[in-house]
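Okay, here we've got a single chain as structure tokens, the form predicted alone, with questions on binding and movement later.
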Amino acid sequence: MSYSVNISVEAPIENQIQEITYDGTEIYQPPLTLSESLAKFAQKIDFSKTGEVDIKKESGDLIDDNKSDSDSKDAFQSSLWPWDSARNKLRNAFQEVCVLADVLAIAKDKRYMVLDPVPQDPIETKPMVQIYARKKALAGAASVLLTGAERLKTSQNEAARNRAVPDFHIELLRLRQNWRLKKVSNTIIGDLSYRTAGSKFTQTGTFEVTKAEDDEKTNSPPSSPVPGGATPSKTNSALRVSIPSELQGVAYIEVLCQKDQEDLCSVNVNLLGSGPPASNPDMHWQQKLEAAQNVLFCKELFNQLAKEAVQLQAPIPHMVVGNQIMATVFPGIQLIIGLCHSTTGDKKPANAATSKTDHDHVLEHSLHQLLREVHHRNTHHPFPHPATGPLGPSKKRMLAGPMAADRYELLEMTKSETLLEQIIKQAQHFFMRLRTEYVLDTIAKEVKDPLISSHWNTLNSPTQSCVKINISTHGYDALCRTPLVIHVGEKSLKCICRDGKVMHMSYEPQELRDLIFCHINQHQILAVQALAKTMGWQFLANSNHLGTGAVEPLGNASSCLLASPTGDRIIAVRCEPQSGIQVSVAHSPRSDFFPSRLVTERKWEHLGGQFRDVRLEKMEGRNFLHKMELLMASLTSSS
């Protein structure tokens, strides 16, 4: 019994061996890819054969050699090459291209053949037909534009309708971008406190977010229509924010500096700014949350200040009464800090009589910044060095061990100023700066000769400022100038004089006034000496603390002696802080010299006569130096 079995003949899987190494490893030749196989078969094409006769002859010879005449037809059909039809088509196309190239070459020379266009009958054009066609085309374009305009109007109306009715989820997304929210069971709870910024205030700032439609259905009755068809303007919002009653309204910190029950300055710290009342139910949720956060911030600030006022031990104890804190800045000057919280939306109570002109933005910013710095220190701790050290101590305390710091230095490192102390120091510096400005302005108004100019430094700290004073005479600025630098501190003044001396003064303005007048007298003496050098006069003597004459109630008198180039004239100048300037002139030789029994020689008459006072108020001149210049010029002899 025989069974038919299908036998498949396939090419061997193994490839040809390309190389055998010395250790017996056989390296096979990689198989050809499809592109390589195609290129191999294409190389076998013989384009020299011009027709099918050669192919038939070649195939016939092969058939005669191997097979009989009966099988010649089948062998010839099987020996045809698969790419034969493609080769024939390419060859025919090549012949046509060659013929086209020859025709173009002959037509280009225009000697053997010329190409003429074939005449065609002209098309008859009718004007009315063209007009109707253009009219129809314009009508179609107009209809397209009108259709597009209608679609745009429809889309705008839909967008306006969608804006009029905002989406709850979109509003909730905007709320979540600025405020912290979380979902507790079926309610959405938010937090507006500063705990994430470093605040440790115990009062919570939670609020609840609900949908506006639910509130209108459950709480508010249907509104009656307004006569006349006018509807009240209302802020449309898809959500409502419920804030606790203790955080509703407007709050601000009021700082008053009083002297003998008189308001000297008024500072209102209002972080919210102007806006509608907080009790308005139609207020937008963003404004409502900002107002509530401002109330929470003001309460935290006042709570911290009140706690520090009770704990601090001041020479004059601080007082905390209700919502007011009273602290003594200087004798007779008090600093009053109060918390004003209004639920009706009024910025200030009716009895507040402080004016807007007394508003000090520097103290307002300082109060705002002090609490922000506390929040920043609570969240930003210095990194330990090395990294394995404890977290919390400052860099100075970490270096206390290697630097062998003693107990006093360690105690100084642990000390820190409270908010109330910093505010009091800034208020003290504020008063010191006001007093210094007042003294300098009054002296500049009183004293016209010399001129006093003050230049305040723009880069100052809240407790330190600097002013440079220049004392000069008009018209003689390049001749002599007396500079003076005053550092205004918290309770004292430091003056750096022209010669480098440093003088410390208290907060009394009279001390600064006396110092300025003393420097004015010194400037006049130095300016006269510099003028004498330019005029050719000789400088004989100078004394900044003259011991002769009446005792001055303020400072000491200063004087100088000047001699003319020939020595026949002597000018004595005396400057007193209270009396002013006195100028005397002496002549040589003396006109009243008479020989006597004791003094018989005439040479003693050159010692000079008695000094005669010069009435400066009767002389011509813009100022003191101008009068002295005219006096020196008139007393200078030509011989």
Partner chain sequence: MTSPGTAIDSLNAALKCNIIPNQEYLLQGSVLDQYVEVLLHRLRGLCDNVDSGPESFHDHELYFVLRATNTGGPMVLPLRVRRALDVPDAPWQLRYVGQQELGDKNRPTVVRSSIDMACSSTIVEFLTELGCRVEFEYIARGYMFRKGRMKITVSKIFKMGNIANKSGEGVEPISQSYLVELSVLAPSGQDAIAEDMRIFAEQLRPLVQLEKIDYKRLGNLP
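Treat the numbers as computed from the prediction; the structure is a model and nothing was measured. Residue numbers count along the first chain shown, from 1.
Keep in mind the form predicted in complex with the partner chain is missing from the figure; the text below concerns it.
Partner proximity in the predicted complex, defined as non-hydrogen atoms within 4.5 angstroms of the partner chain, places exactly one of 512 to 520, 181 to 189, 418 to 426, 376 to 384 at the interface: 376 to 384. This chain is drawn without the partner chain; in the predicted complex, the residue among Gln177, Thr125, Gln120, Thr388 with a heavy atom within 4.5 Å of it is Thr388. Of the residues given (Gly500, Pro315, Gly322, Pro402), Pro402 alone sits with a heavy atom within 4.5 Å of the partner chain in the predicted complex. For the three marked residues, Lys395, Met398 and Arg407, a heavy atom of each sits within 4.5 Å of the partner chain in the predicted complex.
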